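Shown here is one chain on its own, the form predicted alone, set out as C-alpha cells.
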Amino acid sequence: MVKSKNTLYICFVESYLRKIVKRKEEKELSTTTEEKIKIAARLVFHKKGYSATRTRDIAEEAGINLALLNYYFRSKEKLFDIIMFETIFDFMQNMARVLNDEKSSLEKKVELIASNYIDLITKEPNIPIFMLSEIRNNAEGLLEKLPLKQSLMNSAFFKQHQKAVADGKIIEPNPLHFLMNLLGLTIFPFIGKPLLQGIRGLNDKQFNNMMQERKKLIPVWIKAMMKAK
C-alpha cells in the first residue's frame, strides 16, 4: 500500500514537472518566434519602407508561414509601428546617453556621437532613409512618444553649450545649430551614398573607409565652425 502511494506520488510529480517544462518550452518558442518576426520585419521595413512591404515578405524573411505571422501580429500597421518606434528610440537613446554624460566634455561628446553613428549606420545603412521617411510622415506622433525636447533641454550637453557661449568659446547661442551641424556631417553622406559613390567611382569598402576618416575630421570641422572669432 505504501509502495502504491509512493508510486502515485512519483507519477504526480513527474506529470507536474512535465507540464512545467512544456509551458516553459512553449513560452520560449513563443518568445523566439516573436523575436524572429521582429528581426525579419526590421530588415524588410528598413529596406523597402512601409508601402512597398508585404506581410508575406516578412514571413518569408523570418522563415515562417503567413498565418503564424498574423497570429503574433494582427496587422502590418501594428508590426510597423513597433519597428518604427524601436528603431527611432534606439537611435535617439544612443545620442541621449552621450548628451547626458556629465563627465565627458563638449568636444568628447562630438567625437562620440560622430563615431557611434558612423559605426551604427555602416552596419545598418538603411536606417537613415527609413527614419527620415517616418519623421517626415509622423513628426507629431514621434514627439508625443519620445521626450526629445526634454532630453535635450535638460541634458549635460545643453548646459555645457550654454556655458561655452557665456564664456565666449562658442559664438552661436542656439544649441540646435550645433546638433544640426554635427548630425548633418555624420548622417548626410550615408543618405547621399549612391550619388557620392557615383561621382568618385567608389565601391562600398572605399566609401566606408572615407566614413571612418570622418570620425577624426568631423570634430575638427565642428570646432572650427562653432568657435568664437
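Values in this document were obtained by computation on a predicted structure and should not be read as measured data. All residue numbers refer to positions in the sequence shown, first residue = 1.
Here the subject shifts to the form predicted together with the DNA, a form of this protein not shown in this document.
Within this chain, T53 lines the site of the DNA in the predicted bound form, having a heavy atom no more than 4.5 Å away. Among heavy atoms of Y72, some come within 4.5 Å of the DNA in the predicted bound form. A166 falls outside the set of residues with a heavy atom inside 4.5 Å of the DNA in the predicted bound form. Interface residue remark: L176 is not counted as part of the site for the DNA in the predicted bound form, having no heavy atom within 4.5 Å. The contact residue chosen from I171, L68, I191, M180 relative to the DNA in the predicted bound form is L68, the criterion being a non-hydrogen atom within 4.5 angstroms.
Partner proximity in the predicted bound form, defined as non-hydrogen atoms within 4.5 angstroms of the DNA, places exactly one of 125-133, 72-80, 155-163, 105-113 at the interface: 72-80.
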